[in-house]
Structure formats: C-alpha cells, structure tokens
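Just the one chain here, the form predicted on its own, laid out as structure tokens.
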Amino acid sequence: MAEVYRNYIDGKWVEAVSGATFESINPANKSEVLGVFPRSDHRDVEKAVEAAEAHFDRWRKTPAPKRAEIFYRAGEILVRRREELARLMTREMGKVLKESRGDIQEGIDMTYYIAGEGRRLLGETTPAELPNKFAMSIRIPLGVVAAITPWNFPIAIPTWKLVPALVAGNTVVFKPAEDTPLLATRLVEILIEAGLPGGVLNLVHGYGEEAGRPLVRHPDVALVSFTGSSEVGREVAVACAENYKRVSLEMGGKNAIIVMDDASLDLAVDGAIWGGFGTSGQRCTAASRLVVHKRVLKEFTEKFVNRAKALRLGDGLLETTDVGPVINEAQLNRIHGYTQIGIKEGAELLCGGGICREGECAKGFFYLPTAFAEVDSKMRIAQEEIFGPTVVIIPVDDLDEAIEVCNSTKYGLSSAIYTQDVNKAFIAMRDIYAGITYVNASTIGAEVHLPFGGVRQTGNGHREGGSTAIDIFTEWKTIYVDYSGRLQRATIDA
C-alpha cells in the first residue's frame, strides 16, 4: 500500500479540500506507486495564498541574514541526504543515478550560494546633487510568490525559485509538477527541519488546470515564477498581464551544437551524445540540433550514430544504464509522433525511432535514442521542441551559415561551438543569439553563480542563478535623507 501524502499549508500537513488524490509512479516501472498525493483545486490554493499573505509581514521584518541562516542549515541536510534523495529522484523522475546526484548537488550549490546573498541583498549609494542630502537604493520583497516548477529537475529548479524568493523576504506558494510530487515534499520537509517558520512556505500539489491556473490568477499573488513549456508560459504571461503582476518565465529550447571542420571530432561527439541523450533529452538545454560542417559531416555522423546505437536503456538505478525512461506515456507518444513527422518530412532516420518494449524496458516508458540526417533547418523536427532523445543533423557550408541556422528558431537558450580556431569561437560568441554559449563543451552544465535563461520564446528577460536571481524577487526602493534643515527643491535649487 503506497503512502499517502498531504499539502503543507499554514504550517500544517492537510488533505485537499475535495479529498481527491493522484498517484506518483516510477517511469521505469509503471506498476510501482511511490505515493498518493492530494489533487488540489482553487479552494486549496486560496488557503495557501491566505496563509502566505498572513505571514509575509513577520517574515519580511526578519533580518535577511537570519532568514539566510535557515538555508545554510538546509544545505547541510541536503548534503547528508544526497544519496537517498538521488535514488528517490531516479525512481520518481527516471534520470540515471549519476544525473540525479548532479541534480541534488545543484540544489545544494544554489542553496549555499543564495544563502550568502542574505548578507548582501545589495543596493546602491550615490552622491546626492544637493548639499546635506543622502541618497541610496534598497531592495524590498514583493509579497506572495507563486513558484511553479517542472519535473525534469525536481530539486535543482525548486531551489532556484524558493531560496532566492524566501531569502529576499517573500512568502511562497509552491506548486510542483504532478509527475514529481514526492521530491517536492521531501524538499519542503528539509526546509521545515532547517527551521523555516510555518506559513512562510506553502506546498500545494495537483494538476496545472486545477491548481496551477487558480494560483497564477489569484489576485493576492504578486509574482509568478514559472518554468515549463513556451505554450503554457504564454498563458501564464497573459494571465499575469491582466492582473498587473510580475512574471518570470523560463521556457523551451531548441539548442544547437555547431561542429566546424577544424573541431576535435571525438570531443564534439562526446558533447553531442551527452547533450542529445542526457536525461533522455528532457532538458531545456538539450542539444537537439547538430549543425555540422560538410567537410566533416560523414565522419562525424558515423561516429555519432555508432555511439548512439551503443547506448544502453534501462532503470537509472543500474550502473549499466546510459539512458533512462521518459517521464510518462503521454510524452512517450509525443516523442514517437515527432519521429513520424520527421519521416514524413523526408528526413533520413539513422537510428532509433521507436518505443522500446524489450525486456525490462517493457515495464516503463522508454524511447530509443534517435537521430535524423538529411534535415533542412525549416523542418518541424528542426524547429519544434521535442523534449526527448531525438537529435537532428543539419549540414552547413561555413561558419556564417552555421550561426544563421543556430539562430533560426523561435528559441534561444543554450548553444555551443566546437572549433580550434579562436577567431571562429569569438565570432560565434558574438553572433549566436542565446542566453548561454559554450565553446568546446556541450549545451548542458550551467553553474549556479552565473545567470541562467534565454532570449525570444525561451523566456521574458529575467534570469535565474547568479546575483541576478534576486532581481525578480525584489522591488527597488530609492531613499533620500535631507538633513539640511530647510526645504531643498532638487533640480530647482541645484
């Protein structure tokens, strides 16, 4: 019998008002139920926002260094429980164990890093233009923040949102993805253990239509921080605009690796395999397009396809597994639908292209690592985010064409170029229009102390990670102190 879990609202673990539930299952073994969770609706959201609003004034007046100390303790707990949480992540989300460990480590890194901001939360001081006058700017928290997170990084991405929002003095309603509710529960439990007061962070489980939508539209939510698809992100942005509230969007990607004719091909293949098939391609930074110079196209393609065919599918807990399952049946069928689209468009299927139903893979949602050649950059498989282990190879004549292809989608998150020519590298760094560019490395591997995010339909200009993570969760307030003892009329008297 699977354990039953609850929402966390106003410092108490409570069932959904409706009493309805849903199950979290192991995508590598769909018969394994990891837990039963409350299927929340607008009534649960209302209670959670009300609690967050009630505790905001007390929390914002807690000194920021004291708020931050809680997250140092949370980081220590995450370190102690890293292996336990990594194994749970592999069971609930499916990624192979070494990747799950990396996800937990990123959460640890972000928690420690942002905790340090509690002793900064930097503003500015500047000389006033009048005598006997002092001028400065400070940050103030917004109020209630809605944090809506995806399933593919079920510890890392929540820490990107929850920790800076809370350190900055906001209170939070956290709505995690319905595919990974147990990991969200464990993270909240850790923050409670670290000393986070009740009501400051509230956890509401459920589906997007039933819980996420009313949370986005709630009039007392000051900011929605959302990571997910561009299609849903657009709906979130429209809803926030209608209610004059802030919104931070981190959405899709159709990232490209450029392989020039002078590249180290073995290194480029390593990066392309990792970028294309790591996390079964279920990353917003996945390298789903390989833009390859025609002079090395044949050799690169042979090496890449041979490596792709050798990848071993299976349960991510097994050390022999290279590629785990995709998250659920709907996504499995969506990926296969894109394979059929690619074939109809005239692309050449080089490997994969099917659902794996052999042996242990029959128990879960496994898709074969798939690669297409003879791809035109305007094809749907080269333009639309598939979010699975599917890679397309696009031939180009030179660097200018490669950059043009790289920039030819509606997205702009991550990018990479493999070359031994420093001049080409710097041209790519200048001309590729994306939030992230790697040189001689794959499109995967962001570091928490640098800004993370993209351009065009990948995001709306805000960044997660780095010192910029605090920006979206705070308002600027300018303060003037006039100690002249007389009326000074700014520029009139200047």
Ligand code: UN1
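Just count from 1 along the sequence shown to find any residue number. Everything numeric in this text was worked out from a predicted model, so none of it was measured.
Unshown form predicted in complex with the ligand; subsequent notes refer to it.
Interface membership of residue 444, defined by any non-hydrogen atom within 4.5 Å of the ligand in the predicted bound form, is confirmed. A residue is said to contact a partner when one of its heavy atoms sits within 4.5 Å of a partner heavy atom; residue 283 meets this definition for the ligand in the predicted bound form. Interface residue remark: residue 37 is not counted as part of the site for the ligand in the predicted bound form, having no heavy atom within 4.5 Å. Residue 291 falls outside the set of residues with a heavy atom inside 4.5 Å of the ligand in the predicted bound form. Partner contact region in the predicted bound form: 153-161, out of 230-238, 153-161, 333-341, 188-196, criterion any non-hydrogen atom within 4.5 Å of the ligand.
Scanning 179, 117, 270, 106 against the ligand in the predicted bound form with a 4.5 Å heavy atom cut-off leaves one residue, 106. Looking at 35-68, no residue comes within 4.5 Å of the ligand in the predicted bound form, counting any heavy atom.
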